[in-house]
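Laid out below as structure tokens are two forms of one and the same protein chain, each shown alone and named structure 1 and structure 2.
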Structure 1
Amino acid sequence: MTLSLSETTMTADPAAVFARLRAEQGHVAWVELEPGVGAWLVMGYDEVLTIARRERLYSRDARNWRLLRDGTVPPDSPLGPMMFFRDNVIGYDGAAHGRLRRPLDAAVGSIDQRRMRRSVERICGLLIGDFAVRGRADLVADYAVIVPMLAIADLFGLDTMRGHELLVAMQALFGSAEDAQDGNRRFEELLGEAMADRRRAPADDLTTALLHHPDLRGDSEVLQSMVVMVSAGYHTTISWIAQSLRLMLTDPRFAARVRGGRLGVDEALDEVLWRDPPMCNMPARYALRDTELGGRPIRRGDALVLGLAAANHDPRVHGGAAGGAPGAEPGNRSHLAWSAGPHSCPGRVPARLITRTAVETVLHRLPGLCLTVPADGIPLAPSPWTRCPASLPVSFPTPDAPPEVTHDR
């Protein structure tokens, strides 16, 4: 029976699933995306680098997907928002990709990091101040989903209400369930409204910068550039923050090293990128001719999903240990959390700034933090692409109350 891709993200032990798949199929495994729709999950570190860097053989353009062309995948498939062709930097290779990538790199490079850090510190402080008096919180719903939402909304000149609506739309989009197409439509509508606002009233924000970038030809390309930047930055940063906090609450070794100062916050964040990268499975590349990868025959038009989490657990890059030992070496940033090649993530610097600030603020503002459910009771948000805690219920001392008995394992 073919394994569903979602089984690699919704399991309590992804490393065990990766090890089983490798034992059965090697470093390139056939998985099911939805009933009747299969793809190759590329789990080998070297194999991921191969397809990420060889765009003349493995294209990002989903119009090359054979199962889409022959009608096996219907146009209303929930896979559409994540896998179908988009007329933006993600959908193209070569010179067209380079032209559309330049505005994104310029926008990220224009961010005033000191100003952004102050903004994120203020957001984190206000959020923690709101729930600190209760002695209880959900560090996902009350914190991890809100911090990047407000931080990225601020970068693009979006108000808080639109930021909340964007979050709801993106959760549907990344979930690849029945509401994915509706979420995608609402997501683009909200960004289109922000564009219209900035055409009427330009401001010092990324929306205005993209509207005036000479490489972008018309409102459609501006909108799709915003789609890429906001979607890539929002959901993945939520996951990075939530997974970092989860490890601090459930892994005594990790927590002791962070709180004891033996592992700096940046090194801790890198360990999370090795163990549970924000985007576990990256869609997708499409073979432009029959070829071979990792000993598996790849047919022209096959879809290949970049298993970034699986590649980070590749035992060949961790001394041959079963299951690998990702993140064991502090300062090692050779993980594939940001992918590689021309389509690697352009937003890693602001994502790290937001995540580091969010995690540091929790460490400083919430001493005595404890999980109030068993570690194996933490639910995961449904998605075949990401593996993000859906909630992290915690308690912590308040000035007027002693700590309660809680679960920390």
Structure 2
Amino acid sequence: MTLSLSETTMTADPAAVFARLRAEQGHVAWVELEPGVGAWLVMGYDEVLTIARRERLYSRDARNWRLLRDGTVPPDSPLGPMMFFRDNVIGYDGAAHGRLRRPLDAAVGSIDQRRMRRSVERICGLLIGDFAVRGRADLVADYAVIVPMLAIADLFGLDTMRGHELLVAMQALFGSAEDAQDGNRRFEELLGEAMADRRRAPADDLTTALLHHPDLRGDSEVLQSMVVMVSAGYHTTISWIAQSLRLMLTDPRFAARVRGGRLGVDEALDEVLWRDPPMCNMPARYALRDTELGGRPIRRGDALVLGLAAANHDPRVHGGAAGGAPGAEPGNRSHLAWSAGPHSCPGRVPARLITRTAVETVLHRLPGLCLTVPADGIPLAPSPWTRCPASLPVSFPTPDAPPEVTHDR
């Protein structure tokens, strides 16, 4: 029976699932995205690099997906939001992609990191201040879900109130079908207002940087560039923060590494990108002609999912290294969490700054933090693409009371 892609994310032990799949099928495995919708899960490190880098053979443009063209995948498929064609930087190859990508790289390059760090510290401090007196919190719902959106909104010049509105709109957009349309409308409206403000009064922010980039043609391309940056950075950064906090609370070796100071935190964060990359499975590339990959026959129009988590666990990369565990070698950043090639993530600098600040602020402001459920009782948010804790209930001492329940392992 064909394995469903969700079985690689919704498991307590992804490494065991990858090992089994590899033993059965090699480094390129046939999996099911939805019942009746198959795709290749590319699990080999070199094979992921190949499909990410060779865009003349492996296109990013979903209009090349055979199962979409022949109607096997319906227009209202739940795969749509992640896999259908997008008229923005994500959807194009070659020169058309390069033109839409240059403004994003330039905008990210213009970020004043010291100022951004101060803003993120303020955001994290305020959120922790809101729940610190309670002595308990859910570090996902009360913190990890909120920090990235407020931080990214701030980069685009939206104040905290507008950042919260953006978060609500985004949650509706990804939530129930009923208010998804309204969420989408409000999301674009808020970013559109920021764009109009900056057109009138330029400022030192990403909105202004995009508005003045010569490669973007008109307001609609500026708006779509804002939309793609906010939405691409949102779930991924939540997951990086949540997975880092989960490991801090459940893995004493990791916790010691985080507490080792600034260098320690950065190295520990890289360990998370090896072990639990925020995008475990990244959709997708589409073969432009019949070919072969990892010994498997690939047909023109086949979808290939970038198995970033699986590739990080490729035994050919970790064979004899430090116990064979991904991320165990300090300073090794050759994981594939950001993917590779022309579409590789342009947001790594702000993503790291947000995540590092979020984790450090928890460390400084909430000493004595303990998980209030057993480590194996932490639920995962259901998704075939990511593997993010759905909640992290914790307790910590308040100025007048000790924590109530402790399950620190």
Ligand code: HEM
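Residue numbering: structure 1 sequence, from 1. In this text, all values refer to a predicted model and were calculated from it rather than measured experimentally. We call the rigid core whatever largest set of C-alpha positions still superposes within 1.5 Å between the two forms.
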| query | finding |
| --- | --- |
| Index of the chain form predicted together with ligand HEM, chosen from the pair | 2 |
| Hinge candidate matching the rigid-part switch between structure 1 and structure 2, set W385, N312, D302, V230 | V230 |
| Rotation (degrees) of the smaller of two rigid parts between structure 1 and structure 2, from C-alpha fits | 19 |
| L191 CA shift between structure 1 and structure 2 in angstrom, with the core used for superposition | 3.9 |
